[in-house]
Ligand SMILES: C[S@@+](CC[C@H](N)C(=O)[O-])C[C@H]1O[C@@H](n2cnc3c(N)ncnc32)[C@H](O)[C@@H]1O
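Just one chain is shown here, as structure tokens, and it is the form predicted alone.
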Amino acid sequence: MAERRRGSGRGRSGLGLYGAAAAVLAGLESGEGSLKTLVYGSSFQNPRLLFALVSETLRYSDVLDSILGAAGLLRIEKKLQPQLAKVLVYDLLFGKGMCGGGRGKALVLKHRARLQAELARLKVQKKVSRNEDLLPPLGAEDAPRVPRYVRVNTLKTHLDDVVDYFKRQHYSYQGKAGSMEEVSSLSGKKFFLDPHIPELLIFPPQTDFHDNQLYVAGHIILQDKASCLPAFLLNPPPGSHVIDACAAPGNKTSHLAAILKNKGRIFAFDLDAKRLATMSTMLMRAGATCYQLAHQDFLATDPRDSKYSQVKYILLDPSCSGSGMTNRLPVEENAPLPERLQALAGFQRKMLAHALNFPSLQRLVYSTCSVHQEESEDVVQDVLQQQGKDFRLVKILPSWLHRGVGAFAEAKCCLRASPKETLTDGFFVAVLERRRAGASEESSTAELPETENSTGGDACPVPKKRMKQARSAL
């Protein structure tokens, strides 16, 4: 069953949705960006609906290719764009049926009987009765079962209230997850509390909450666990001034607002006006009030501007290859051209170096949804070599086993996430803190209340609060 639903306020007509979805598929195939980047960078006014349609089309991509090939649709209808055909046929056969008008729909409907016959024939050939059974097994090595993560929005509700709500919906609460095995075997209507991120619930893969009243009201946020790590690890206290340097689509911004309890100020930057408008709507629905949107290039901001004189915390999640995202087209996007990686890494280094120039900055989180060392450890290493006298890496969540890679001596201070290792999207996170003025690295380390010594004495320091939170880690 498709995850997407036809709700009110879709705001589309004709082929608006299908044309936008076809454009996103074409962009993925040509390596223009990640699914999230392309969706939220489009002109379609309902990005969540667009994201859901493209994600489901990608999920059935191999099945659709088989049906389109067997039916000869693209051979017969030469004017039908391949990506548009795939989206339309997905909605015809696996979605809720095509809505709206347009020539593409008319061309596909001419072959409805043949397409339905090819679907039936494929089911007979595979010896299955349900559409979902045509998909690859979720437990396969090359298809990790990434759960549905649900962040409770504490700006509007409380964890206990949300847990009680799902219990009333006949879900069975299993308490805090104690192992990867427990999470990977999650099924049916059972759910866990995440062991790392407070107020994060874990449901079985493909659980759909887009029509749930808590989601519609902004009481829960559908956000992958890895995407929750940056704001959680930045951990600005209420009242702080924070910069979210690459804020859209805004999930991390709303997470920061919740951590701040709407007390303080978040300067949220993004160059794309449409992405900012979408983010503003999402933040309003989430009940965030402490943010100030900035439609400008973060690199063009003056760190000495008095407006930012109290900024002690920066979250930097710059544009990247998106190679860690699990909901992307299975093509060679996970191995982008070296030239593209080099260009992205150059941009990321500029962003990180600029962020470290803010005079009151005390802590910065640098993150990417990339699996590539060039965009992650290498960027941190290069910038620290330039400004390492002022900042140092902090080892975060020391019991998190999936650490940074490469020859960089401090890479183990960083963490990585991946579908196979952590049952999340692929991600990289590093936390940099300013050294105390006039203090050596050794004395800075000694002043912290607790350190992680299990790695042989070469570990970076970690605050006691984080140590306590990490002890229940997976």
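Only a predicted model underlies this, so the values are computations on that prediction, with no experimental measurement involved. A residue's number is simply how far along the shown sequence it sits, counting from 1.
This next part talks about the form predicted in complex with the ligand, which is not shown.
- Only one segment in the set 156 to 164, 198 to 206, 177 to 185, 268 to 276 has any non-hydrogen atom within 4.5 angstroms of the ligand in the predicted bound form, and it is 268 to 276.
- Although the partner is absent here, Ala248 sits close enough that one of its heavy atoms falls within 4.5 Å of the ligand in the predicted bound form.
- Using a 4.5 angstroms threshold between heavy atoms, Phe298 counts as touching the ligand in the predicted bound form.
- Among heavy atoms of Phe347, some come within 4.5 Å of the ligand in the predicted bound form.
- Not displayed here, the ligand is approached by Ser319 to within 4.5 Å at the level of heavy atoms in the predicted bound form.
- Put simply, of Leu119, Met351, Leu84, Val150 only one has a heavy atom within 4.5 Å of the ligand in the predicted bound form, and it is Met351.
- Contact annotation: of the candidates Lys225, His219, Lys252, His111, the single residue with a non-hydrogen atom within 4.5 angstroms of the ligand in the predicted bound form is Lys252.
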